[in-house]
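So this first bit is one chain, no partners, the form predicted on its own, shown in structure tokens.
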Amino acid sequence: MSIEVTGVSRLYGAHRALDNVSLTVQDGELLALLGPSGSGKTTLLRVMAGLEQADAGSVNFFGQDARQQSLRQRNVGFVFQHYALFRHMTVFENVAFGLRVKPRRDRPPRREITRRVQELLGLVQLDGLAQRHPSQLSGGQRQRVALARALAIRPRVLLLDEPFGALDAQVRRELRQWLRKLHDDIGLTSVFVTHDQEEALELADRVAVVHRGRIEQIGTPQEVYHRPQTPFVVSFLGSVNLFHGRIEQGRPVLHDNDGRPTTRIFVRPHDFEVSSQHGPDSVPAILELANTAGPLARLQLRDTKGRAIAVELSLERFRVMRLARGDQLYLTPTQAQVFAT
């Protein structure tokens, strides 16, 4: 394995930013640290990089205790959210910076630095922009310069803190596809921080969901989305409806008319069977709004207790049912995640 974090805690006064966190990052893996603001994911990344020291626990890089290594010895490339480029330097000078500040015995010859920078600018698709300054680049181009600068030192591990957070949605989508291909082509071990669920699920080999300084779950995108282990994970990843009900004969019962709710039942919008006919375990609800822009019909309904329920149908199903605002519908979950109250 490339990185092993064991029992790491980090305190800021009385605030516990990290609470006994352990995880491993496999060689060549792209791991996402996913969580809301203030969850501790960036603190964990900075502890891994050596930019912050843990109050307890250990971090091992390739079998060696990183606490005994300097930042240079860890050989980590770090990409910041807001690029941290030197505004007075050209693109070429920014990318070459990490090579030029190496100790003389480790510093490549000038010709080798030039060759490596040119190679990297080609790799990140910035050929011809070497003499521009950061102010003359788009946000996506500046992020690529920051990535090229991190790669210039040939790091063993690449760490990225919200790498696309400052970019608009379309540029983010394009860059994350490009980053995934770059990661695979180079064969790096990479860890990136994000609060964007779609980004984590699309890019990462595995996702570590971070909440209140702890890792709630770690697994493949399919595992954390389809088999969440905690209520936080199921509610944080994607849209979901929460009901208080019970389980009868292995089936979730969403209504609690008899006052015996014993479970929290989470149902994603696409996991409902929608009918105009009442069923034994169905929940009656009134259709209030239908958004049919896009590949799905997104419905907003309200049940008899006034609770809003989000439902997704295929456009074909929506049209066949000829649904309209004010229709009485009946919802039956086809799949649910259940947790004890």
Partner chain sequence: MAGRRVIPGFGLSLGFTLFYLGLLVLLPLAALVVKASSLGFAGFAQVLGSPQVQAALRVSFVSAAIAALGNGLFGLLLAWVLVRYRFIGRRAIDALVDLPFALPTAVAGIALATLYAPQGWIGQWFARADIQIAYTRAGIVVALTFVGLPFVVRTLQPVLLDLDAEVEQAARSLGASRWQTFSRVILPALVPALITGMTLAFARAAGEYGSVVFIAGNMPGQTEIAPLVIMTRLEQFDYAGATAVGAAMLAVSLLLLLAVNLLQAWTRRKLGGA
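Since this is a predicted model, take the numbers as computed values, not measurements. Residue numbers count along the first chain shown, from 1.
Another form, the form predicted together with its partner chain, is not on view; read the next lines as being about it.
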(message) Which residue, Y225, W178, F232, F97, is the contact with its partner chain in the model of the complex, using a 4.5 Å heavy atom cutoff?
(response) F97
(request) Heavy atom within 4.5 Å of its partner chain in the model of the complex: which of A204, V253, A150, V267 fits that? Just give me the one. (result) A150
(request) Answer with yes or no whether F164 is in contact with its partner chain in the model of the complex, where contact means some heavy atom within 4.5 Å. (result) no
(message) Taking any heavy atom pair closer than or equal to 4.5 Å as contact, tell me whether F236 reaches its partner chain in the model of the complex.
(response) no
(request) Could you confirm whether L51 comes within 4.5 Å of its partner chain in the model of the complex, counting heavy atoms only? (result) yes
(message) Although the partner isn't part of this model, could you tell me whether F92 comes within 4.5 Å of its partner chain in the model of the complex, counting any heavy atom of the residue?
(response) no
(message) To test your reading of this chain, name the stretch in 115-123, 189-197, 267-275, 150-158 whose heavy atoms come within 4.5 Å of its partner chain in the model of the complex.
(response) 150-158
(message) Q249, L287 and R302 - do all three of these have some heavy atom no more than 4.5 Å from its partner chain in the model of the complex?
(response) no
(request) Counting only non-hydrogen atoms and a 4.5 Å cut-off, give the residues of 127-145 close to its partner chain in the model of the complex. (result) H133, S135
